[in-house]
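One chain follows as structure tokens, the form predicted on its own.
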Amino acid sequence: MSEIINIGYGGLAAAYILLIIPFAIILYRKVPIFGRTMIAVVRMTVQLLFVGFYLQVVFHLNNPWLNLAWLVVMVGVADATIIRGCRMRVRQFIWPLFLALLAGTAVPVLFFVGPILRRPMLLDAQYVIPIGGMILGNCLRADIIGLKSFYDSIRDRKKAYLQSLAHGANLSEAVRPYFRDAIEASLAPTIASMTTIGLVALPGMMTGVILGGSEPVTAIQYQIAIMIAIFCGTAITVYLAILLSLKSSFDAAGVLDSDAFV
């Protein structure tokens, strides 16, 4: 199979020309998102250019400690994004969510690079950073869904929750149904993706491997492995995020602390 084609700056300019179509629709129908869309495009461009130049250096050096530091930075940014998305107090949730994300990313990434790809160096930049990014991105979305579902359900069903505490349930017992529903809600999108993958759309990992010149069978193997890794990572992250955040969000009596949220 042929090698991947270099898009170049001319091809990239052609991609930006394609934006004329959605921008025309937005302006014609007076949808009030033109400014936000422009900012999003600019931010995407600047961020990806910065990351691209930085990763060239990281890939060239391929230093395990530098690779690990970049993963920690990625986890930290995801941590802040989740806290902002769920409107939580930073001081109370930053470390529980950071540890949950770190575990949910590290376990499947190291397993993917080690037993699955059998690389001699577990922190090989070529594999750890892109695979970690894919897993972390899905963990971020799952965490926002899971945490919002968990805490919103307790607030919406406050009377039933307090009633269970009044009947003698401890915190672990009182939050059990909300915990279960939150895990189900957060994992549902990944399960739906696994159910329809290949039939409805060709996913990113598979497409990238094929564009890189590999055989479709190799691409399928990679995609199966990354989907399992993503599912594992999201399950670990959501479970730990809710579990580790309980002490930060409930008082000694098991009542949800309203001051823990913005």
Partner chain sequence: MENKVNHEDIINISGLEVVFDGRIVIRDFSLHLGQGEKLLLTGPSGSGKSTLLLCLMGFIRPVKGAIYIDGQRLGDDNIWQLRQNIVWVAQEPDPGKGSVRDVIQRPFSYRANRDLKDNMTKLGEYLRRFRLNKELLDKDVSVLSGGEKQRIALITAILLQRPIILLDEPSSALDQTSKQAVMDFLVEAKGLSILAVSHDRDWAGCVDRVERIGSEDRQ
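Since the structure is predicted, the reported quantities are computational estimates derived from the model, not experimental observations. Numbering follows the first chain given and starts at 1.
The same protein also exists as the form predicted in complex with its partner chain; that form is not shown, yet it is the one meant from here on.
Of the residues given (L99, L165, A125, V113), L165 alone sits with a heavy atom within 4.5 Å of its partner chain in the predicted bound form. With the partner omitted here, the residue from A169, V72, M121, A192 that has a non-hydrogen atom within 4.5 angstroms of its partner chain in the predicted bound form is A169.
Here the chain stands by itself, but in the predicted bound form one stretch of 6-14, 19-27, 248-256, 234-242, 248-256, has heavy atoms within 4.5 Å of its partner chain. In the predicted bound form, its partner chain sits within 4.5 Å of a heavy atom of A160. Using a 4.5 angstroms limit between non-hydrogen atoms, E173 touches its partner chain in the predicted bound form. In the predicted bound form, its partner chain lies within 4.5 Å of some heavy atom of D181. Contacts of stretch 110-127 with its partner chain in the predicted bound form, defined by any heavy atom lying within 4.5 Å, are made by none of its residues.
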